[in-house]
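One chain is shown next in structure tokens, namely the form predicted alone.
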């Protein structure tokens, strides 16, 4: 297979690049390094079947040059930060909605076999009922979520208008090695960095807002199951643990796991547009793909903290590439 991974130098994309490069597929990693980091994929550049392309999904001419020989697209490139979307809604829409349309159109022109599009639980907004299945209303309260809704609907349109094989993978919060310690989604990395540095985690509001966390290895497994599934999945599909944890509970868990038991989180004013509650109903993923999260949160957290202590800084990153 020849696989294009947009956003391939990012947190999740780099894990997919690594998996398929080491399985001897030809992997094209497209990234403009807005969110991605060269350290995530530098160790792959020695492989002859891996190619790094420094480029942007907003550049349709570039996509036209890349796409003719591509069999599979994992589309992960996005402006992923809720905070930034509030400040730069136009940029967020251009990348997430119009950039996705570029990827879909180039893939349609050159008859790409399958596209796997990375959606997000942020499209749902705060829970109207729980756990949240794929029929939950799409009530994203911020420009990031709205732009991802637009991308999802564009995928749906290409599925039904052109008969394309496009899977919409709607993940709840993913964490693990290589995750940046910035933004809403990077809360585990942010808390871990602060606690290991001897300073308390900062919680916006009362900390009772909840999330559903999935370890990166489980996410990669989900993507691989979609790739290998021999039928079209024409509706969005959720991936999450189905277990709810408050931000306050998360902060205290990280404090305990880092053996900083006398530390207490610091509370500050709430952030605008923050979703209050997210918990996945992933029954469809289990029914269709046989997927279920293998790692519970504490096990995943222990693995992540071990990685962060040893490899989670620029100083030590080369050790993790061996």
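If you're wondering where the values come from, they're calculated on a predicted model, not measured in any experiment. Positions refer to the first chain, counted from 1.
This protein has a second form, the form predicted together with a small molecule, left out of what is shown; the following refers to that one.
Student: Check each of 107, 80, 222, 168 and return the one that places a heavy atom within 4.5 angstroms of the small molecule in the model of the complex.
Tutor: Only one option qualifies, and that one is 80.
Student: Would you kindly say which of 210, 189, 173, 102 lies with a heavy atom within 4.5 Å of the small molecule in the model of the complex?
Tutor: Only one listed residue qualifies here, and that residue is 173.
Student: Does the small molecule, in the model of the complex, lie within 4.5 angstroms of each residue among 9, 31 and 34, using heavy atoms as the measure?
Tutor: Every residue of the spot touches the small molecule in the model of the complex.
Student: Select, from the options 112-120, 248-256, 192-200, 153-161, the stretch whose residues sit within 4.5 angstroms of the small molecule in the model of the complex by heavy atom distance.
Tutor: Partner-contacting stretch among the options: 112-120.
Student: Whether residue 179 contacts the small molecule in the model of the complex should be assessed with a 4.5 Å heavy atom distance threshold; does it?
Tutor: Yes, contact at 4.5 Å.
Student: Is residue 58 close to the small molecule in the model of the complex, meaning a heavy atom pair under 4.5 Å apart or at it?
Tutor: The answer is yes: residue 58 has a heavy atom within 4.5 Å of the small molecule.
Student: Is there a heavy atom of residue 73 no more than 4.5 Å from a heavy atom of the small molecule in the model of the complex?
Tutor: No, no contact at 4.5 Å.
Student: Considering only heavy atoms, tell me if residue 95 and the small molecule come within 4.5 Å of each other in the model of the complex.
Tutor: Although the small molecule is absent here, residue 95 would touch it in the model of the complex, with heavy atoms inside 4.5 Å.
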